[in-house]
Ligand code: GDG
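Read the single chain below, which is given as structure tokens and is the form predicted on its own.
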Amino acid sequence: MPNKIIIVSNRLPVRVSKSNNAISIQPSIGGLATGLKHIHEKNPCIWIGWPGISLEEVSWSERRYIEENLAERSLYPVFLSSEDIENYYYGFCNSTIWPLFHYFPEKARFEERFWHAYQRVNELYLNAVLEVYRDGDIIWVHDYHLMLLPLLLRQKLGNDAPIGFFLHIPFPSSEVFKLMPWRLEILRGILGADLVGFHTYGYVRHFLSAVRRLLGFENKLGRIFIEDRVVLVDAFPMGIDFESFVSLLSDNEVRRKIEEYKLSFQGLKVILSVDRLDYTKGIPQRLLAYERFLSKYPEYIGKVVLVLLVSPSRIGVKEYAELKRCIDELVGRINGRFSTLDWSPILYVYKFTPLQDLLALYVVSDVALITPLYDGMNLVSKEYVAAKEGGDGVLILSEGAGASSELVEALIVNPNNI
């Protein structure tokens, strides 16, 4: 068998679920799954990750069935207990790293049990990689869930194993990062890789600064010399598969949806907002800006509509429930204030939007309002531009999104400036 790429991420590009004692395996969505799909399909490759179901939910025979089914797709599952899901995923990953790396240190929880679960799960992924690794394979570790894994692999496989690491979220300034109690362990973990990648040069600069200030390692043109190894750190902005994306626009169902939406929004300018529910996305600020717009320019009342698409996320987490309530109240207030008998200023959809509907909305909308407070890259902004074959349309993009350093002809805004 030829040498292969081993992709390692928190989740697999499929989601396994169980209903009425039946196992279901469906493709998952998300920037990472979408971005790496082409590499996984076109190369000798195996993808390691959590299948989305807890260890307690499946019997031994069901687990074997899942493993065999996924093996046919070159996928290798790492099963996590419900306790690990709670403390590693919802705990350290989403209650410690996520808020801190997105500049919300007041929301970060630094709990020992979270950290111990994070260490334990990174070791589970280490064991999974060792199961499938053969000399000559390339190991590519992804994202903030597995920042300890590169060093764990290095310690087991030695200096000859090629290991890459890519972070899909921002890396914060060293002043913010040093708030992390386990900052040294995380930096050393990442530096186990030969190549460390980020979306932007700003994140590269922050990482190199943290390494210099906290570990004392200098760099020369992005090369860090650690004992007998060299670690290269650079920016590799993530894009979309343009040809595949554009080909979807000619799909019959998409064309039908486009005509349907053109009829629905006839006579209106359409502003499109697409996000999952998260406090980093700046949705309340966006709504306040839209309210200010209608107040300041009343001549647009009845002539414009904001299509606000919000995908549910982390249901049951207190902070996300509070954010949902805040958005609901703002939408209700703005619609109540400005609506007429035959028009509402906001069309609010709180559910997962199918791809065909999203593509059609890209095409028919006049403006995309993409204003996260902080975002590693934001591929929605790139998809919107790609969907505008005729060139008509305006992208209003936050300077807090990694994409803003590439899409410089967008209208770049400060998301906090209403």
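Computed from a prediction, not measured in an experiment: that's the story for all the values here. For every residue, the number given is its place in the sequence shown, counted from 1.
Note that the form predicted in complex with ligand GDG isn't included here; everything after this is about it.
- L379 is the sole member of L379, L361, L373, L70 with a non-hydrogen atom within 4.5 Å of ligand GDG in the predicted bound form.
- Although the partner is absent from this view, F352 contacts ligand GDG in the predicted bound form, with a non-hydrogen atom inside 4.5 angstroms.
- Using a 4.5 angstroms limit between non-hydrogen atoms, S311 touches ligand GDG in the predicted bound form.
- The closest non-hydrogen atom of F338 lies beyond 4.5 Å of ligand GDG in the predicted bound form.
- Contact annotation for H145: none of its heavy atoms lies within 4.5 Å of ligand GDG in the predicted bound form.
- Per the 4.5 Å heavy atom criterion, ligand GDG in the predicted bound form is contacted by stretch 32 to 40, the sole one of 32 to 40, 60 to 68, 387 to 395, 45 to 53.
- Contact annotation for 194 to 231: a single residue, H199, has a non-hydrogen atom within 4.5 angstroms of ligand GDG in the predicted bound form.
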